[in-house]
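Take a look at this single chain in structure tokens; it is the form predicted alone.
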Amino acid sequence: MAEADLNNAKRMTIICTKGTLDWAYPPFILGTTAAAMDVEVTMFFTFYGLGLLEKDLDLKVSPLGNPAMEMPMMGMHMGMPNLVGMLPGVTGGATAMMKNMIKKKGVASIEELREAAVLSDVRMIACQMTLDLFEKKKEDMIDGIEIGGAATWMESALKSDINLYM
């Protein structure tokens, strides 16, 4: 690639703050898609999004506080009253249904998308403050990530064409 092309390379940052199964998809889909389109991508994982970098993922779907959540069941799309999400076992049931639907429809898992991000040279930064706050260790995280803070993300964000917060 010519030097002029490198200077015109598109850049994108994504701040990942959510750690549920449904909220894990948007940053990884957008990040890997952008990387496939030769966009230089930086993902910054903070607060509950930090869990997306842990070696062992056990992501769940929370129907509580998610009134837009409708699932295809019995030939129709059924919503769940928000109050039902408080009942024991509902989160586990909704998670199992979502994982089954993801598998049945051939959608990549979060682990597969995360691996695609690594293979696509997406820069992934784990928030140092969140590591300290939640008493997590770098050894609990996947290989190939960086540890950094807001200033580390800002260095990338200031050079980027697109900055997303999810």
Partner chain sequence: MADETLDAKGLNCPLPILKAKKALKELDSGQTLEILATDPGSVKDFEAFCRTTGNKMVETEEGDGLYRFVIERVA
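Positions refer to the first chain, counted from 1. What you see is a predicted model, and the numbers here were worked out from it, not measured in a lab.
Form predicted together with its partner chain: not shown, discussed below.
Asks: Going by a heavy atom distance of 4.5 Å, is residue 32 a contact of its partner chain in the model of the complex?
Replies: Yes, residue 32 sits close enough to its partner chain in the model of the complex that at least one of its heavy atoms falls within 4.5 Å.
Asks: So in the model of the complex, does residue 107 come within 4.5 Å of its partner chain, heavy atom to heavy atom?
Replies: Answer yes; at least one heavy atom of residue 107 falls within 4.5 Å of its partner chain in the model of the complex.
Asks: Report whether the minimum heavy atom distance between residue 37 and its partner chain in the model of the complex is within 4.5 Å.
Replies: It does: once its partner chain is placed as it appears in the model of the complex, residue 37 has a heavy atom within 4.5 Å of it.
Asks: Within 4.5 Å, heavy atoms only: does residue 112 come near its partner chain in the model of the complex?
Replies: Result yes; residue 112 sits at the interface with its partner chain in the model of the complex.
Asks: Please name which of the stretches 99-107, 40-48, 56-64, 128-136 has residues with heavy atoms lying within 4.5 Å of its partner chain in the model of the complex.
Replies: It is 99-107 that comes within 4.5 Å of the partner.
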